[in-house]
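Two forms, one protein chain; structure tokens for each follow separately as structure 1 and structure 2.
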Structure 1
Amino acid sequence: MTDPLSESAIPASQHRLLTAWKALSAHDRPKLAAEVAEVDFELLARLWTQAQTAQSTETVAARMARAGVPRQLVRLSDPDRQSAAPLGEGLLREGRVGVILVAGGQGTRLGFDQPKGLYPISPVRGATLFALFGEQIRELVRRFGRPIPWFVMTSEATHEETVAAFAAENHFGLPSDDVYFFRQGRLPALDRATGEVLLSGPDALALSPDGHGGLIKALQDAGLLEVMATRGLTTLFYHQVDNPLVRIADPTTLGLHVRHRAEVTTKVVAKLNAAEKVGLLADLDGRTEVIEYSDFPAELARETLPDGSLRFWAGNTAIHVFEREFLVRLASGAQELPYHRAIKKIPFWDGTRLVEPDSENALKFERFIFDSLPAANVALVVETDRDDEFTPLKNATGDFSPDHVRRALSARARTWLRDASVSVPDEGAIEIDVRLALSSSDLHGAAIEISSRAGGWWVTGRRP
């Protein structure tokens, strides 16, 4: 009898995979069969062919030379921004806002053995990233009196532990029906020399999540774009798992998004310096896009204005607001997000043992959510203050390490309290109860208690 899988599902060019398949007994095949069924070999063949075609760096540079500052831009100093908040509050009060959290990444740089969202990051309580987000959403629900459905994207790597942790924390006080978990897709790494898929063991492909841009397909496959419609959601606040300073669904940003009739809004912060490794928001050929720092020519990045500030200053925070209709349009395939390839060192199964390569041996492909921006009819860019909203947890040490992020959280808490004329100890970690303040303005006129806790300061209280 012919084996249906080896005959049809595995292309003949995948010699290594076919050999591995044949080496397995029928009893040991189901795992590999399930993984193979996930793989779109035609797509991989296309990506491999594209990878063989050398990109013309000249073309990239010439294109970048046409880059300009985003047209639809709201600066921090813009006098209109405060008046936008009531519009955003209206959206929340009408129950039209949902939150999307992407938490499927492998977090390799941090080197934490659980999903990154479970990292205990808050400076006094040691609350996890997930808890800080969940508490904010619960407080918004309390204030505006409407559910805020929460869509949490996981991957094979993070799904089970994430779902279990939410359950163990009682979904941070949110109804479990308002929290939707959905898994993103995976792609196998390719051997850089041959284009064949790599295996990670005798019955396993070297699979990894397909990037945060996998969101669109994952939402659609899980039927969640429909769920959003059924629940009356028009607008989705999107953020990543690594930034505990994010101010979820902040009314000013939502309001600006509505006022400008944007299909997507992106928060940006001023780059720290020309060399900072952060995506850049710019207009190119009439569309707003995020340009990866590696694609942006260094001499352009260094250009300054007469006042000495950077000409291209708008760094991507990966905080967006999306119209549901725009996500639907993307999901319909009208505008496919491209795949980006990265050259990586990936251990692989050579048929007898796991080989740790000495040099980069593999190609990995990912989609990025920010590639959706050029498809938007109106893509709005809103500046925010880095100290107030952006310090992502990325690395085990140094910049964007747990220490750095905790210091940023404490520093923000101090600033908020001082802005509200509350006297605060100069030293020590400090954390404000999310139920008391989602922003500095919540502290004005509030009755505030500061107590010593776990070697730091814990701030609670009541707003007027």
Structure 2
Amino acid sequence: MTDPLSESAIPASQHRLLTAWKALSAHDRPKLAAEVAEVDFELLARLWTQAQTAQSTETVAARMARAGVPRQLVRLSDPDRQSAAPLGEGLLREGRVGVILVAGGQGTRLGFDQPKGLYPISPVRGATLFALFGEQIRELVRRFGRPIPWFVMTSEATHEETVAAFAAENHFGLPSDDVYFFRQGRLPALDRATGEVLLSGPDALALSPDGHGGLIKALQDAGLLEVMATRGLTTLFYHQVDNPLVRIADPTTLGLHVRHRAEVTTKVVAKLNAAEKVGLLADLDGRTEVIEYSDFPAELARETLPDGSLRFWAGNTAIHVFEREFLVRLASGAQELPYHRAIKKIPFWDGTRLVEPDSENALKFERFIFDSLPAANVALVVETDRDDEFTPLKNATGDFSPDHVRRALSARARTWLRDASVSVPDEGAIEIDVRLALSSSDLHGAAIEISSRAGGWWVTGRRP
């Protein structure tokens, strides 16, 4: 028996998919039917057409040549930031802040076959990424006396395991009603030559996550933009799962966001060098944008100022603050985020077997949340200290590996303690209890205890 949901939903131009559908028995069709029901074939047709008329490298380079320093920029040395914290604290005390965590990735590049958020990363306790984030939110709730709802975006690959892990850990001390899970969307890969969707098996599409820019649609589809409104949230702190140094909902950043009446605020760090593979914040045609490093001409990336520093220095940390109303406006479709294409080598089902292609055979499409910046009435850029807030976990070895990240966490703890005139052991891993300090300033005047633990040093105590 034909399933009208699927066959009627498949355009006639999708010959490979129609053939696969007709070859399946009624018993074997439900899985493919469910995946087909997710697909917006009109969107795919538009993306395919756009891919055939992609912007040339020369045009990109010419546009990048007009780039300048972001217009709304707060540097580390700016005195404006010193008095902003009370404004951010006010938001937290009024219960107007929520946190968005993008956690759809797996730890494949780390040789870890679970959601990346379950990777044990803290230098002394071996606490997971999820635990480090949850503990920060719990401490903020304790200090400011109001709930901070936590919105966790998963993917098909990570959802069930993530939800189970949070439940097993009692949601890291947070009420379960304050933690919301929602799935990232997916898009099928297209055959590079024909524009037809690829299959990964006789009853399955070759689906991939639609990028962190899919957040907005995912929130809308899950009804969470309405939940945010009902709960009185006006401001959302956003970060990704791979950066354990992130200081969640820190009052200074929230306060600067409020003071400048920003719709989106982005934290940046000074690039390590011209070749570092990180997106750049810049002004383009009067709007602040994030420019992917792959789109930025190498000669421009190497340009320096008279003092020898890079002209384009502001590296994207993927830490943002959004106004909820801005996300609602984007979700309405009034200002849609663009899709980016990637040419990939993707195995595909040819009707009888799974084929491993010799060359790039497919187009994948995804959206990036940073593409929302040009749509904002005010897009604020706030510089932060890399050593204090940004060392993402990316690779199994070398830079941004677990060893690198653990060293960075220990180094930050030592810096905080020494800034507070606390004598610290020179050797060994060191970790500070989040109940004692969320920032360096929390340690000033505190009664501090340092004890040996698991081959390192565990710091606890009591704040004044």
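Start at 1 and count along the sequence of structure 1; that gives the residue numbers used here. Treat the numbers as computed from the prediction; the structure is a model and nothing was measured. Here the rigid core means the biggest group of C-alpha atoms that line up within 1.5 Å when the two forms are laid on top of each other.
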Which one here is the form predicted in complex with uridine 5'-triphosphate? 1
Please check if His444 moves between structures 1 and 2, taking a CA shift of 2 Å or more relative to the superposed core as movement. no
Aligning on the rigid core, do we see the C-alpha of Arg109 shift 2 angstroms or more between structures 1 and 2? yes
Superposing on the rigid core, does the Cα of Glu156 end up 2 Å or more away between structures 1 and 2? no
Just grab the Cα shift of His15 between structures 1 and 2 for me, core aligned, in angstrom. 2.8
